[in-house]
Structures are given as structure tokens and as C-alpha cells.
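Have a look below at one chain only, the form predicted on its own, in C-alpha cells format.
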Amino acid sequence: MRQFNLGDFEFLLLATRWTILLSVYAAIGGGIVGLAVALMRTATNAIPRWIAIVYIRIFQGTPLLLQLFLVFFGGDMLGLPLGAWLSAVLGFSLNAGAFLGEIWRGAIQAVPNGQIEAAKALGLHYVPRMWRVVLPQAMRVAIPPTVGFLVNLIKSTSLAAIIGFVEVTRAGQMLNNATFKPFLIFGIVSAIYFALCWPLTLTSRRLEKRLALSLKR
């Protein structure tokens, strides 16, 4: 056992970079998957709707921790060892896609039906109708809950420690094993998460207020 020092604090800050990077990559990957899921959920054809529903039920109905295990160990079983980093990015992206897909599906369905009918009357087919008419309006509704979900995503990245990925929580565990200062170390880790999440929480609240005001006008 040794004393906690400045080098340990720097180690936590360096590990914070990986928490931020994992959150960014998971948000991008989840956004791509989520957009596909949302479009499938709102499709006129029943087959993509049911595929999206099954996907959502699986990833929302099982623990994220188990999903990370399945991706991490499943890659090895298939002869494709992904490693902790790629497994974490893929696992969080697939999980985030299910939740973002439902958020964005609700936003798409919140667009007034008259707007869609007007786009059809102008001769716009599905893709240009969604791209030019529906999605720009749905985006305004989707931004506040999306930002709120990203706050939870950042906090959830702490689960990546269980598959050996050294982000800030795993770094805290390693330092605690060396110094046995749990209150100090995990207090610093909590402060780091707060510093990452609080600005996004404020942003989400402000966007919700702006959206509420715009809807009243």
C-alpha cells in the first residue's frame, strides 16, 4: 500500500480521455444504428417494422453488462477477437441504437400528418420526403431527449471496466488496489463523471424549455 500522489491523479485524467472517446464513438455508432431502427419502425412495410421491434426488445430487455460479455466473448468464439476497445464500442453502439431508435421513432411520429400528406401531394417519394420534410422537423423534438440519453451513455461506459477496458472507473479500481484509498479515489472518479455529465444535463434542460416555448407559439 502506498500514498495517493499527483501521478495517480494524472493517470485518472488520462483514463478520462478513453471514457470520452468511448462515449463519442458509441454515440456515433448508436446514432447510425438508431436512425436505421427509427426508419424501420416507421416504415410502411411490416417486415422492417417487426425486425426493428425484435431488435429493440432484445437490447432493451437484457442487461447492458450481458451484452458487453456476449460481444467480447462472442468474437473470440467466432474466431474474431475484438479486444476490449472494439467490444466496448460495438456493445455500447448496439445498445444505444435500440434506445435512440425509439426516441427518434417517437420524434418522427410527432411530425403532423398534414406535413407528410403535403409532401406526398408534391410528389415526394419516401426518401426525399423523410430527408427534406420529416427528419428536419423531427430533429427539433428529438434533440432534448437525445442529449439526456447521452448523459446516461457516459455514465454507462463505466461498465466497460468489466471486460478489461481501462477507462476512468477501471483506472480508479486499479489505483484503489494499489493505495487502498477508496473514498478519495472514487470521490475523484465521481467528480470527473459529474464534470462530464452536468453540462449535458443543463443543455438538455435548456433545449426542453426552448422546445416547449416554440410549441406554444
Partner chain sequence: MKWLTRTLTAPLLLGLVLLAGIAMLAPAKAQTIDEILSRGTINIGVLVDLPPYGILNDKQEPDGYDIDVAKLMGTYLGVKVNLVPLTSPNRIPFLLTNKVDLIVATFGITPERAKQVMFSIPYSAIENVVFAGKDKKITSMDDLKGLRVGVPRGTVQDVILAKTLGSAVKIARFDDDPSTYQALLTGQVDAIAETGLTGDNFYASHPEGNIERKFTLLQQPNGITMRKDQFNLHQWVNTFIYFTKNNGELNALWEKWFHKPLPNLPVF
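Note that this is a predicted model, so its numbers are computed, not measured. Positions refer to the first chain, counted from 1.
Absent from the display: the form predicted in complex with its partner chain. The rest refers to it.
The partner is absent here; in the model of the complex, the one residue of 162, 28, 184, 36 having a heavy atom within 4.5 Å of its partner chain is 162. The candidate spot formed by 54, 58 and 73 is fully in contact with its partner chain in the model of the complex: every one of the three has a heavy atom within 4.5 Å. Note that among 173-181, 145-153, 28-36, 188-196, the stretch whose heavy atoms approach its partner chain to within 4.5 Å in the model of the complex is 173-181. A residue is said to contact a partner when one of its heavy atoms sits within 4.5 Å of a partner heavy atom; residue 77 meets this definition for its partner chain in the model of the complex.
Residues of 1-17 lying near its partner chain in the model of the complex, listed in sequence order, are 1, 2, 5, 7, 8, 11, the criterion being any heavy atom within 4.5 Å.
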